[in-house]
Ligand SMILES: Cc1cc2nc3c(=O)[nH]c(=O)nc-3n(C[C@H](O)[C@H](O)[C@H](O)COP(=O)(O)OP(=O)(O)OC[C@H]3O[C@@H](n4cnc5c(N)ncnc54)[C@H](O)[C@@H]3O)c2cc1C
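Starting off, we have a lone chain in the form predicted alone, written out as structure tokens.
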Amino acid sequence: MEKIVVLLHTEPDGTLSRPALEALTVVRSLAADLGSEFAAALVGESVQEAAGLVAGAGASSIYAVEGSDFHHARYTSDAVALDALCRRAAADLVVAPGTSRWNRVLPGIACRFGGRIDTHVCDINVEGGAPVVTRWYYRQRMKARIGRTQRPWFIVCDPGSFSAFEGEVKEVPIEPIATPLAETGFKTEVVGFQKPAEGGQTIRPDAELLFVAGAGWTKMQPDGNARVGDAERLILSFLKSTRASLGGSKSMVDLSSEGQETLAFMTHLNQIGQTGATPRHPKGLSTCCHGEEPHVVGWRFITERRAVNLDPNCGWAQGKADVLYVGDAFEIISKVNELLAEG
């Protein structure tokens, strides 16, 4: 029988993030399919609130490393905590959410234990009594199914691929795990966070809406002028009001490298599709983009797709969008911003 543990870290307020709740869904399903119990290992300044939810998910045991040293993400302290927790749990299968904090440290932990690790896992099944994971490669253009005999096996789940656990909070005893370096301190000190200036952050992975801008925003408009400045103001106003995440077509992000005028805040980090990102937002709105196949590939996990384009025969109209608004994006987004401002 496989021994299973789920590794979770709390947020600064002591709660569990959505990726952590998705990992709980995964480990519950995996344990049920294998006929095993699962334990939980928590890291954070305070884990009481999170432990109650984990207990409600059915964890048989809960181990915890907590204290002010584990409030922030830091490789040294996280590595010490995970090393101690994994040794105590002695699990064969280790399930974890693919957060930036865990992605930084888990490969090193897997190496310490002589195990194997698979990241960006988007599905897990049990076949022939053994787990088989599914993950994407090459910007999510190729899919592979992987099974391993090596143990421990660290399975890191891609956020947005699973439903989040919802359940009752229960009381359960927590076993505190001591860490050797916690008493002597760590060489690296976390002094705080630096945030982008207002309006500077355009990529928001947890946003409900993905707003994609195509190269049409920078083209000559009916009045004979390229209105890039107006486009920037409209798009930034929309992003500020909706807290949407900004994406861009390949043609849009390539304009800057070609010496053409483009949106000042658009970079290759915003690129969606054709070697760009493949986001998982619930809703997507594409503007001034013709819906070319390479770009639409990046939308495969968007649940609801809408687009704005002047051309009623563009690619979005060929069954690639749920709704196509035929009209001028400048006029439409301007009106939407007015409605958003009115509340």
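One-based numbering along the sequence shown. All of these numbers come straight from a predicted model, not from anything done at the bench. Each form is matched to the other, and the largest set of C-alpha atoms that superpose within 1.5 Å is called the rigid core.
The protein also exists as the form predicted together with the ligand; that form is not presented, and the subsequent description refers to it.
Colleague: Tell me which stretch of 309-317, 61-69, 22-30, 35-43 has a heavy atom within 4.5 angstroms of the ligand in the predicted bound form.
Modeller: Selected range: 309-317.
Colleague: Thinking of 215, 291 and 330 as one candidate spot, does the ligand come within 4.5 Å of a heavy atom in every one of them in the predicted bound form?
Modeller: Yes: 215, 291 and 330 each sit within 4.5 Å of the ligand in the predicted bound form.
Colleague: Could you tell me which one of 251, 179, 262, 202 places a heavy atom within 4.5 Å of the ligand in the predicted bound form?
Modeller: It is 251.
Colleague: Find the only residue in 88, 219, 243, 151 having a heavy atom within 4.5 Å of the ligand in the predicted bound form.
Modeller: The option sitting close enough to the partner is 219.
Colleague: Residue 95: heavy atom within 4.5 Å of the ligand in the predicted bound form?
Modeller: Taking the distances in the predicted bound form, the answer for residue 95 is no, it never comes within 4.5 Å of the ligand.
Colleague: So, residue 276 and the ligand: in the predicted bound form, are they within 4.5 Å at any heavy atom pair?
Modeller: Judged by the heavy-atom cut-off of 4.5 Å, residue 276 is in contact with the ligand in the predicted bound form.
Colleague: Please tell me whether any heavy atom belonging to residue 99 falls inside 4.5 Å of a heavy atom of the ligand, as the geometry stands in the predicted bound form.
Modeller: Residue 99 lies outside the contact set for the ligand.
Colleague: Would residue 271 sit within 4.5 Å of the ligand in the predicted bound form, counting heavy atoms only?
Modeller: Within the cut-off, so yes.
Colleague: Please state whether residue 28 has a C-alpha shift of 2 Å or more between this form and the one not shown, with the rigid core used for the fit.
Modeller: No; that C-alpha moves by less than 2 Å between this form and the one not shown.
Colleague: Superposing on the rigid core, is the CA of residue 298 displaced by 2 Å or more between this form and the one not shown?
Modeller: True for residue 298: a C-alpha shift of 2 Å or more.
Colleague: Tell me, please, whether between this form and the one not shown the C-alpha of residue 250 is shifted by 2 Å or more, with the rigid core used for superposition.
Modeller: It does, since the residue 250 C-alpha is displaced 2 Å or more between this form and the one not shown after the core fit.
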